[in-house]
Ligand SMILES: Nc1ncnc2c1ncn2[C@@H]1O[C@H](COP(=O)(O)OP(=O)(O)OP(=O)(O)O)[C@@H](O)[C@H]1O
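What follows is a single chain, given as C-alpha cells, in the form predicted alone.
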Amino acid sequence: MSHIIEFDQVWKIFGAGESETIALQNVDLTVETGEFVSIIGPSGCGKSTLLRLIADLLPPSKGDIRVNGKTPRQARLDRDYGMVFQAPTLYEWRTVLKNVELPLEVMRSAREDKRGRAVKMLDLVGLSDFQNHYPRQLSGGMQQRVSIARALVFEPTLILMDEPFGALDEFTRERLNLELLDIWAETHKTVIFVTHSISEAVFLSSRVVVMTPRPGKIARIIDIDLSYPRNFETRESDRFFELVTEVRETLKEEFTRGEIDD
C-alpha cells in the first residue's frame, strides 16, 4: 500500500503575538491508500483544521503535507479529493440530479458523460427515484447522501468528511454509517472522517486518530481490528465495546493531562 496522505511535523498557528493560537502542533501522520481513518478529539482540538489543511482550504504554518504525493494545492487543482461537510450545502433551486452534476459542470464534462455519472452515483447512494426532487423535499439523511454522491461524481481518490452525520438523529446516523461502509467497499476510496462520536469512529474505521486538547497533537493511533463487512451486530460485540472504551480512556487521559499542564 502507498501513502495517500503524509503530514511531516505540521503546525497551524492562527494570529500573532498576544492573539496567537496554536491549533495544531507537530503533527506526523500517514494514511494508506484505501484506508478508512477517523479523527476524534475534544472540541477545538484542530480536527477540522487538519482536514482543511489536506483540502488546501488553509495553509500550514510549518511542516510539509503531501496528498497523493503532491502539494495540497496541486491535489486540489487535480481534483484528487471530494469533500462532505456537516451541512449538505445543496442548491435549493437545483434538482437532486443537477446538484450532483454540478462538479462536472465546473469541469465542463460532456453532457452525456455528466448525466450518466450523476445517475450512477445517485444509484450508488440509493436515490435513483429522487433525482428530479428538490433538496427541500428530502429528509436530512437523504440530503447528506446527495452530498456524498456529489463528492464521488468526479471519481476522486480521496473523500474528506467533516462530521457529515453530526446533525442527524441517532437511528438515521447509524443507518447512514452502514450505507457509507457499503459505498467505501464498492468504490475503494480512501476516507478521512472527522467525528465527535467515539462509537461512530470505532464502527467505521480501520484506524482511529485520537487528538489532544488544543494545541492539537496526535495522542495515539488505535488500530480497529473489527472485521468487515460490519453490521448492527458489530455494535453489540464485546470487541466493539473494548475498542470504544480504549478510545474513550485515551481521550480522558489526554483531557486530564491537559488540565494538569494548565
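Numbering starts at 1 and runs along the sequence shown. These figures come from a predicted structure and were not determined experimentally.
From this point on, the text means the form predicted in complex with the ligand, which you will not see here.
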item: Which of 48-56, 225-233, 64-72, 28-36 lines the interface with the ligand in the predicted complex (heavy atom within 4.5 Å); value: 48-56
item: Selected contact from T187, Q86, S128, T157, since only one has a non-hydrogen atom within 4.5 angstroms of the ligand in the predicted complex; value: Q86
item: F14: touches the ligand in the predicted complex, heavy atom cutoff 4.5 angstroms; value: yes
item: 4.5 Å heavy atom contact, S43 and the ligand in the predicted complex; value: yes
item: The ligand contact in the predicted complex: A23, any heavy atom under 4.5 Å; value: yes
item: Any non-hydrogen atom of E163 within 4.5 angstroms of the ligand in the predicted complex; value: yes
item: Those residues of 183-215 which, in the predicted complex, come within 4.5 Å of the ligand by heavy atom; value: H196, R214
